[in-house]
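One chain is shown next in structure tokens, namely the form predicted alone.
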């Protein structure tokens, strides 16, 4: 039996409708919620994310401020911009878009952000609260995973608390942005939580952990890392990975670049098509899992709505000051 598809686009639309109502209430109470993005240089991925944030802010009626500095900006200049955003009453949330150039340290920027405007939980203070089970602004991508999971379980008529307590949840990936906070979020829900990563794989132990999981969250940025042999029958699979790959026209193997021949059959890839895939082999794993998120159209669709939710939460807190 094929897995049920957890439709991120549909869930994002539901969340957006809820947030638009909350935004109207906040504006009526005198708040002026808005997000500011901070970008240094012209990194393609950061630029794409910046455009996506500006787009959803415009669609929802959230305020938006863009701060883009040249790649040769000094750390002092970047920190000065952060301080100006801290003081701007029209900015409820500040979103630093990384990577920063080498002369600008992540910590210098993040530690300068007002903890009340740190809407993606980068600041050590907010990460500390997450660790203690008291998150003020839970990070957007892990929150999107949990939102998808909870709404799916409810749609199946299941009690979310009962389903999460004691459940074997394996997170693949230990980044500060997704893997670690995701593990903390489900640990705070009393799940039995395992975090696996590249060093787990290097030891040959990855499948031992992933195949024992009732719920599997994969966030490593490796196309089709997880196949059906690494997934428990009936597991729920949340795929966070977004990878642009080249599909070999001869053998179907996924490659990273058109510049080199296919890594499997040696075919020329110069005319091959690009495709967006996740870290999970969707078609193969769908035959074994009970539910799965697609890529695209899964976790990524909900992430921006979690960022918007945190921004409204921050605006509400600022209104009370």
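Here the structure is a predicted model, which is why all the values come from computation and not from measurement. Numbering follows the first chain given and starts at 1.
The same protein also exists as the form predicted in complex with ligand NAD; that form is not shown, yet it is the one meant from here on.
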- Query: When ligand NAD is placed as it is in the model of the complex, which of 84-92, 151-159, 127-135, 168-176 ends up with heavy atoms within 4.5 Å of it?
  - Reply: 168-176
- Task: Could you tell me which one of 249, 228, 221, 99 places a heavy atom within 4.5 Å of ligand NAD in the model of the complex?
- Result: 221
- Query: Heavy atom within 4.5 Å of ligand NAD in the model of the complex: which of 194, 141, 188, 112?
  - Reply: 141
- ligand NAD contact at residue 310 in the model of the complex, heavy atom, 4.5 Å: no
- So, in the model of the complex, is residue 108 in contact with ligand NAD at a 4.5 angstroms heavy atom limit? no
- Should residue 240 be classed as touching ligand NAD in the model of the complex when contacts are defined as heavy atoms within 4.5 Å? yes
- Query: Do residue 211 and ligand NAD share at least one heavy atom pair within 4.5 Å in the model of the complex?
  - Reply: no
- Establish, in the model of the complex, whether 198, 201 and 299 all lie within 4.5 Å of ligand NAD, using non-hydrogen atoms for the distance. yes
